[in-house]
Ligand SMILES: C[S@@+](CC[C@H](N)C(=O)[O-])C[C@H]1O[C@@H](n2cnc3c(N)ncnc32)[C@H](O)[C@@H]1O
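Next up: just one chain, as structure tokens, the form predicted on its own.
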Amino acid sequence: MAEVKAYDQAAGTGRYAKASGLGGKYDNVRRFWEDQLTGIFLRPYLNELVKRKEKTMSRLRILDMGCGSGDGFDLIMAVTSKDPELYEYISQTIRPDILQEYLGVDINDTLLEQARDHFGGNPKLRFEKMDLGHGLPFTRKEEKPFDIYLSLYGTMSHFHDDTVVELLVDICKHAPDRALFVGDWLGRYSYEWQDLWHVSPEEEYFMDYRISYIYPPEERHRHDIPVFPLRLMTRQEIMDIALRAEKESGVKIRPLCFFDRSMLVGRHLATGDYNSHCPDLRLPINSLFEGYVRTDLEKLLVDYVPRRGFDHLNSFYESFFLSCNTLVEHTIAMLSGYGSDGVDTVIEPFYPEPLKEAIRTMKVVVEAAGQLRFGDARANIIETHLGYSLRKLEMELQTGTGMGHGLVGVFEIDKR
């Protein structure tokens, strides 16, 4: 399969190793933006599930479908129960003592071996080879029901809609009375692939996807980088799949939340493979989160190039990128004009409320950090918080309809 060859080759570069920083699979953006934002959206549903399990004195079982190197386990176990106050020590939502078992399944032997190497010392974790192309290949007798059926990082986009319907029907049969299903597809209208917007949402469309972003810029146009199909989705298309599965299974599949994952930081913004106008934002945003590294903040400014015939998309992206630009420009002005009297900034009344809040927050951060005399306050405090402020804009200005690199749907399976 093309997918297996592609991920084998990517893993062979060494850039899939569990590392962090300015580049690679586990860069700063992945750890401090994408995974944490996903966790924030999942938080209320995980909190409710954990409380329910505690009341019945039972423990959680998690199935990670398309687990790869086990990244879903890292993500879901790092979700905190709330945003902590300064004085608080906040524990993770799913504590080790409430987890009974995590089963990760994938078709790729190389990634499964990475997962076993990384998590081999945890007896609650299992990683098994499994092809989900024809639904769940086990019954309740073989595997007890799971409380969370998890599929992250675009895994659902590997399958045709009929296959996902079949998988959801099997999940409904296998699940307990109540369970969560979390599915992640590629968003149909990401700015990363503006060249593909013309395809009608009535068409089950698969893009030719290249993992070119994992290579250095000078190698991204190599002819031997494998290409494989991935499904592009809108919220309505996912809802249609859920409704079909609900009808076939006779089990309620209730939508709880949709969110766009990685609108401002998607990996193909750096490659321009599907939109030559893309700004390369990944590296400067990685730099915001890197200790003792100062960022040229002007590299964060986006000159959005609209595509004719897509007024509603252009209108959204114009507003979104202008809000991000305005926050960056205000921050640059605050740093340039900082003095003993504090920071002078004007917040226009027509700014969106999330932008107003972000500017006010950055004003407080710049004024407070400017008083520090140890370390590099700009690199380690101000720029890092600018990264979190931009992340908050992405979280609060989005529509959850397919505008990001990923589109995540959270559903409750309800048999009551």
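Position 1 is the first residue in the sequence shown; the rest follow in order. Note that the structure is a prediction, hence the values are computed from the model and not measured.
The discussion below concerns the form predicted together with the named molecule, not included here.
Asks: Heavy atoms within 4.5 Å of the named molecule in the predicted complex: which stretch in 175-183, 305-313, 246-254, 108-116 meets that?
Replies: Heavy-atom contact with the partner occurs in 108-116.
Asks: Quick one: does residue 155 come within 4.5 Å of the named molecule in the predicted complex, counting heavy atoms only?
Replies: Yes, contact at 4.5 Å.
Asks: Does the named molecule get within 4.5 angstroms of any non-hydrogen atom of residue 387 in the predicted complex?
Replies: The answer is no: residue 387 has no heavy atom within 4.5 Å of the named molecule.
Asks: Taking heavy atoms and a 4.5 Å cut-off, does residue 67 contact the named molecule in the predicted complex?
Replies: Yes.
Asks: Residue 71 near the named molecule in the predicted complex, any heavy atom under 4.5 Å?
Replies: So residue 71 counts as contacting the named molecule.
Asks: So in the predicted complex, are 160, 164 and 268 all sitting within 4.5 Å of the named molecule, heavy atoms only?
Replies: Contact check failed for every one of 160, 164 and 268.
Asks: Could you work out which of 229, 133, 291, 217 is the residue within 4.5 angstroms of the named molecule in the predicted complex, going by heavy atoms?
Replies: None of the other options qualify; the answer is 133.
Asks: May I ask you to choose, among 43, 30, 363, 61, the residue with a heavy atom within 4.5 Å of the named molecule in the predicted complex?
Replies: The residue from 43, 30, 363, 61 that makes the contact is 30.
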